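Only one chain is shown below, in structure tokens, and it's the form predicted alone.
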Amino acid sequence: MVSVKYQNIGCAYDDFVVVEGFDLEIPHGTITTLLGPSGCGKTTVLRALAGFVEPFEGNVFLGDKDITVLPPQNRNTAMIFQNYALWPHLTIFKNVEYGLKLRESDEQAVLETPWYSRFFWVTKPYFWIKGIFNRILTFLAKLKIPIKSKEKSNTYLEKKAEIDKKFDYRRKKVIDVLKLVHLEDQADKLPTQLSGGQQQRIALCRAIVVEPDVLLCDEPLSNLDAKLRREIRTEIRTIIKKIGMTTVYVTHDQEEALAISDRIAILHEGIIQQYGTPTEVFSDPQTLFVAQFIGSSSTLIGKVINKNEAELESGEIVKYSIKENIPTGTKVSLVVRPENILLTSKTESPIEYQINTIEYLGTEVKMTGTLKDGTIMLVDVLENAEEYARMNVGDNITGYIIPEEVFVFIDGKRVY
């Protein structure tokens, strides 16, 4: 396991600068996600680590080794691509084996293989015929026709492994990683014969079988449906943590990032807005962008009228709870999560809004509404969901914002 360090990195495409002065340290053995909207520079940063983009300034380190100008093939990294990038004409076994054949390790180099193993391929027809014969025997057995059959002999790959020691080494490695994703029985199939989720698992196997120092994932789940994405991301995290491999993961899906990561770096316009654990970036956003980007939220604009009180443009009073004393008249942005708005009229500072949409999801109701000044509010109703589901669009409803759960920002920076 090795750590990753970006030191004052700058990357550009022609005259367009994507990232500049980028600094980030990724601890060894962690899954670190680069999260942000499209065009924020997260893929460029990943490609700089892979060697596909050369920075115009700064350095990239793997452990203590400076790899800034090292060719991609000389960096011990492996990448999982968004579109799987599996060879369509090769079997699953050969797809996973491909990287091992290119990287003849020291352990393989000392293995002695007889010269005649190079011509073992001429025996393939024999094994094809034997396979057809075995299928016939299996069919006759189903018909309960008594036949004399010898004990099954080895397959072509098993026989080849007995002769070719290097292939035997690769075969064991491939089967071991296929077992991690429970696809060892699919080794003889072509990628087109597998589902999207299975192909993504094979892409993971192909990456980890070469035992890279760092695993790079470029939005690997974006081609999958929502349910399958949740299943695969759980498998990927489990496998990576089991191996203990340092991983840099790129996505624009915040839910995916929260679920799979040990640490998250949130990028906006090539700048890291916040770097921390999933709990830290969600529960303690340091900038207005992070608060609005992570999770669902409503942003209210108002002016401070008293300590821990702000008046919205629509005239409602919103209370918040912070230690800092903000001067009266200061313009503030108040970010509120939908689950922190209680629907009740028995409060000293009610917020009234008109219902725009109602979504009944069984255990909860999600509503959107409009304040008098046109601000859109998001509300999640967890109690008495069926009662609120029977309300109509256009009805007025009163809510109460929990002061302790309001994030306060001045000029985009968090005030505590």
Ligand code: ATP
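Just count from 1 along the sequence shown to find any residue number. It should be emphasised that the depicted structure is a prediction, and the values quoted were computed from it without experimental measurement.
Here the subject shifts to the form predicted in complex with the named molecule, a form of this protein not shown in this document.
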The named molecule contact in the predicted bound form: residue 30, any heavy atom under 4.5 Å: no
4.5 angstroms heavy atom contact with the named molecule in the predicted bound form for residue 350: no
4.5 Å heavy atom contact, residue 18 and the named molecule in the predicted bound form: yes
Contact of residue 219 with the named molecule in the predicted bound form (heavy atom, 4.5 Å): yes
The named molecule in the predicted bound form: contacting segment from 41-49, 368-376, 381-389, 66-74, heavy atom within 4.5 Å: 41-49
